[in-house]
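First, one chain by itself in structure tokens, the form predicted alone.
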């Protein structure tokens, strides 16, 4: 039974110092798996989350910002800046968020939320990314797990952004694995394909963590029940509630997921790729995104070194590291160890 109605606050965990190997801006549309990824990032000793930038996707951008503020506040990290970003795709028409997957509130329809007091940073998400990159050149990694409009707009503000950021890791796309919103398209890329193509061709040190690997990692609900029991806290209760809702959707869609009553570890794997890249095997090549038509949102990886007759595959397009295989059990063990750790205080 979940303890979601618990209202006790705990002392904030100590703020990580700037010696953490990875200083991260988390670009997100929370979203259940986004919440899972956020708490992994907060719990991991090698990650310092320096800001959370929000976008539309799993929910509206307004709800995404609300969720980010809430998740940080109940985890004792309300001092981390949160910004509100793009509300719609750059070109294509907007569509309704997938309430049946994440709940109308994005967190599995929480029965109650306690009062919190942290406030949005007044900057747009794109401006925040640019400001942080200029202030800390070569130090900031952006982990982006939603549609990529914030990064695309940040590039418009600062064309030198690929040289200012340390790296970009995105959860999105698919190469060999079928899509989850069309036969070929993954949801984050499909939601804003024009922004995605801008990001893939901008020249970032870019890693793509797509369905090819995220569909290999199934996280059972009972893991999050164990975490909530071990780390008794409003934050872990909230995550357990959200994951249970999310798993009901996936268990109804995929029989092999239903066997363990779990969900795919989509967004959290972007952070696992940051902290433990040795758990993944990658292919390197130029990636382009189909921006319209029946294949809208498809991520196409140039896997053969041949001269294609079409334009758009030449050396002017930078390479992307694309995760193709993953050590699934090692990832699950790592996620469990990280979230079981003493990161929320007592």
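Values in this document were obtained by computation on a predicted structure and should not be read as measured data. Residue numbers count along the first chain shown, from 1.
Not on display, but discussed next: the form predicted together with beta-D-ribofuranose.
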{"property": "Triplet 33, 58 and 180 all within 4.5 Å of beta-D-ribofuranose in the predicted complex via a heavy atom", "result": "yes"}
{"property": "Contact of residue 75 with beta-D-ribofuranose in the predicted complex (heavy atom, 4.5 Å)", "result": "no"}
{"property": "Touches beta-D-ribofuranose in the predicted complex: residue 188 (any heavy atom, 4.5 Å)", "result": "yes"}
{"property": "Any non-hydrogen atom of residue 267 within 4.5 angstroms of beta-D-ribofuranose in the predicted complex", "result": "yes"}
{"property": "Partner proximity in the predicted complex: residue 171 to beta-D-ribofuranose, non-hydrogen atom cutoff 4.5 Å", "result": "yes"}
{"property": "Heavy atom within 4.5 Å of beta-D-ribofuranose in the predicted complex - residue from 196, 145, 242, 263", "result": "145"}
{"property": "beta-D-ribofuranose: the contacting residue among 155, 211, 82, 235 in the predicted complex [heavy atom, 4.5 Å]", "result": "211"}
{"property": "Among 315-323, 39-47, 281-289, 25-33, the region lying within 4.5 Å of beta-D-ribofuranose in the predicted complex by heavy atom distance", "result": "25-33"}
{"property": "Residues from 73-102 in contact with beta-D-ribofuranose (non-hydrogen atom within 4.5 Å) in the predicted complex", "result": "102"}
